[in-house]
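Shown here is one chain on its own, the form predicted on its own, set out as structure tokens.
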């Protein structure tokens, strides 16, 4: 386990307070990146006391592997018009920055008043693309992480904490969660 459930709850509340201060008197539009950010997105917006709207997009960048594969694909477009809105893009994790960079190149054509990035997790050591979250929950080491919405082959999203994944054999069915204090396999 890398980040406990109580730590996540506390940090999400802190991020919400910062967003409320930054957007006082405004009505931000939260765009969650499915599927990974769904749990974080829901918990974050429930912590906010300011008026807001929300929508979702879905971008494919991972297959059944633990690293990005192939070109990015827009699987679900926005349903709402974001022209003139203060948009906060909500990501589960900014790893290489590939997905966030794609969205930050695509969304300005929709003419938002402003565009910021909020990520539960960030792996700054893996950043290849120029994606820099405005709001970050936690920096995590260069490990494949699961839980709290993040998955491996569509599994582990329901865990209330963040854990590192290890594999004893190459098959996806042999994936195991790390439970050691040191984070070593």
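Computed from a predicted structure; not experimentally measured. Residue numbers count along the first chain shown, from 1.
The following text describes the form predicted in complex with a small molecule, which does not appear among the structures shown.
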Item checked: Interface membership of residue 56, the small molecule in the predicted complex, 4.5 Å heavy atom rule -> no
Note to self: Taking any heavy atom pair closer than or equal to 4.5 Å as contact, tell me whether residue 85 reaches the small molecule in the predicted complex.
What the structure shows: no
Check: Going by a heavy atom distance of 4.5 Å, is residue 39 a contact of the small molecule in the predicted complex?
Finding: no
Margin query: Please determine whether residue 151 contacts the small molecule in the predicted complex, using a 4.5 Å cut-off between heavy atoms.
Written below: yes
